[in-house]
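Coming up is one lone chain in structure tokens, specifically the form predicted alone.
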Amino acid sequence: MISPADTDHRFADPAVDTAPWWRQATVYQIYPRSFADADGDGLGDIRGIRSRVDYLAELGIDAVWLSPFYPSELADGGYDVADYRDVDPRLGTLADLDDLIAALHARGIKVVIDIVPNHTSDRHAWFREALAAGRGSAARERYLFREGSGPDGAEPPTDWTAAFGGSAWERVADGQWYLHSFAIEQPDLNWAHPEVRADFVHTLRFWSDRGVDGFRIDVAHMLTKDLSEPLPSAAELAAMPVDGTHPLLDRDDVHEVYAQWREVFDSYDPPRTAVAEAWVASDRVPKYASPESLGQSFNFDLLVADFDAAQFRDIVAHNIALAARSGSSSTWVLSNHDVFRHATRYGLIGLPATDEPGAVPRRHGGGWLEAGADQALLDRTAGERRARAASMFLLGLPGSAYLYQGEELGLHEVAEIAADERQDPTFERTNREQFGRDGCRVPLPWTAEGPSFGFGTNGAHLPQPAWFADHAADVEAHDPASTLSLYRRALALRHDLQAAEELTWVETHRADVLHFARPNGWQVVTNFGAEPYALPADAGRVVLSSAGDDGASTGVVPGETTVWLARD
């Protein structure tokens, strides 16, 4: 039966035919350098993505999110942007991107692109000008330059640590220091500067005018900063509440920036959309997801959860309630370009999915998954089975679902990367103690045979393991039991299942089984345990099972399996 206590988790159900496209969209994230390589240089490119548009259409997605394709020295996988209004020549041209957008639109697929506003590349024209102009110049005011500490200024201004390890400050030739929250090559911008704000408005209009439908905002909670003297120590920073007044994180004044952006978005017909990557406390999320700000914000709770029924139920109920507060829809994600793939997370033996030392990280990789040692820690079959079940659970939820390239193939994290082949700055900045994110960014396998498994004609920029052959798209496309076939069937059905933004829980009398119903008769049942679960007699007809067998006549959900049911 439906639990009365859970009915307050329903939220507003806009008329389906007038709801904005993004509210319940399935968005497929493409990491361009690792998707498909058309020119054979080992690096994925725009024309490579264009060559796979039919694959994307057949998958059944509603939108593509393109990770950065801008000119970059790749100090951080493209998130060090040298020019926000161009395409890296190694990836193509603006004309190539226009052609890709047109091809996706012709198939009914929207286009979302990454905006990286916290920092530029140190190769950006502004930063080069700042270095040449020297102390006290107007050019340096666009960034966060400070004098060093100590008698001769030879020590960093503070003891702050960057996200990738090491000091958050770097000294330039004339002795000043600049703040970089991430890599040395990523100097932080000064968002109190009117030129910075105006330039990003220009960028948003530039891409919107070219047909881009929306934007994913990188580290949206970090733009505005208060570097008033005296600067706090790292210990003092850590003790400060992150409640809108913190000097560096999740400041209330960042929403002044997004209010201006919202005016830009709403000046288009249809309005452009945006989603915040904001790693903030849950009670702060609605500020980013409100219609006056960015309109939607990622929740990463499922991404860091164990494969556990109680955790999944609490996360879903909590995030649907958060979405109701903002008037937005929730976002669901299990993998992305910053974390270990969920097939691997769920297959790890005896390792918790938390932020404890040595555990699966929330962000930027961890050091425990050692090359050559992972097979002893990983139950690959169990990981893939749980990943399929979790993915079908996610795709049944109200709200938008974000998929990461390769998860539809059931890919695991790649551990077989030698030290001299690693590219993530985390690896070197932590003295090679943390491997970082290279393992989820390995180029995709399109064919079981041929150079680089069909990624390109001349190798791949990160090494692909031999086991990729079993997960190649051409193999899975012809296997009705494959993960790719499951995703295609699920996404074809999802449009019917998502007719209204409501969810109610159904009692199962088992702590390891979750059952929820959608208002149009669709139901989702996930068995997180090992023992089979007998469906109620009136549950409806099983139309899809993550175990690969639709099970229309069995009436039983196997262990670690999700089924979708519909009433005739």
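Only a predicted model underlies this, so the values are computations on that prediction, with no experimental measurement involved. All residue numbers are counted from 1 along the displayed sequence.
We do not show the form predicted together with a small molecule, though everything after this point is about it.
Tell me, which of W446, F182, Y487, Y178 has a heavy atom within 4.5 angstroms of the small molecule in the model of the complex?
Selected option: F182.
Between A477, V219, V242, V87, only one gets a heavy atom within 4.5 angstroms of the small molecule in the model of the complex; which residue is that?
Contact check passes for V219.
In terms of non-hydrogen atoms within 4.5 angstroms, which of the given stretches 405-413, 318-326, 434-442, 389-397 touches the small molecule in the model of the complex?
Going by heavy atoms within 4.5 Å, the stretch is 434-442.
Taking F69, D98 and F215 as the candidate spot, are all three within 4.5 angstroms of the small molecule in the model of the complex by heavy atoms?
None of them does, since no heavy atom lies within 4.5 Å of the partner.
Answer yes if any heavy atom of D122 is within 4.5 Å of a heavy atom of the small molecule in the model of the complex; otherwise answer no.
Answer no; every heavy atom of D122 is more than 4.5 Å from the small molecule in the model of the complex.
is_contact(R422, the small molecule) in the model of the complex, heavy atom dist at most 4.5 Å:
Looking in the model of the complex, residue contacts with the small molecule do not include R422, since no heavy atom lies within 4.5 Å.
Is the gap between E277 and the small molecule in the model of the complex 4.5 Å or less for some heavy atom pair?
Yes, E277 sits close enough to the small molecule in the model of the complex that at least one of its heavy atoms falls within 4.5 Å.
Report yes if any heavy atom of D76 sits within 4.5 Å of a heavy atom of the small molecule in the model of the complex; otherwise report no.
Output for D76 is yes: heavy atoms within 4.5 Å of the small molecule.
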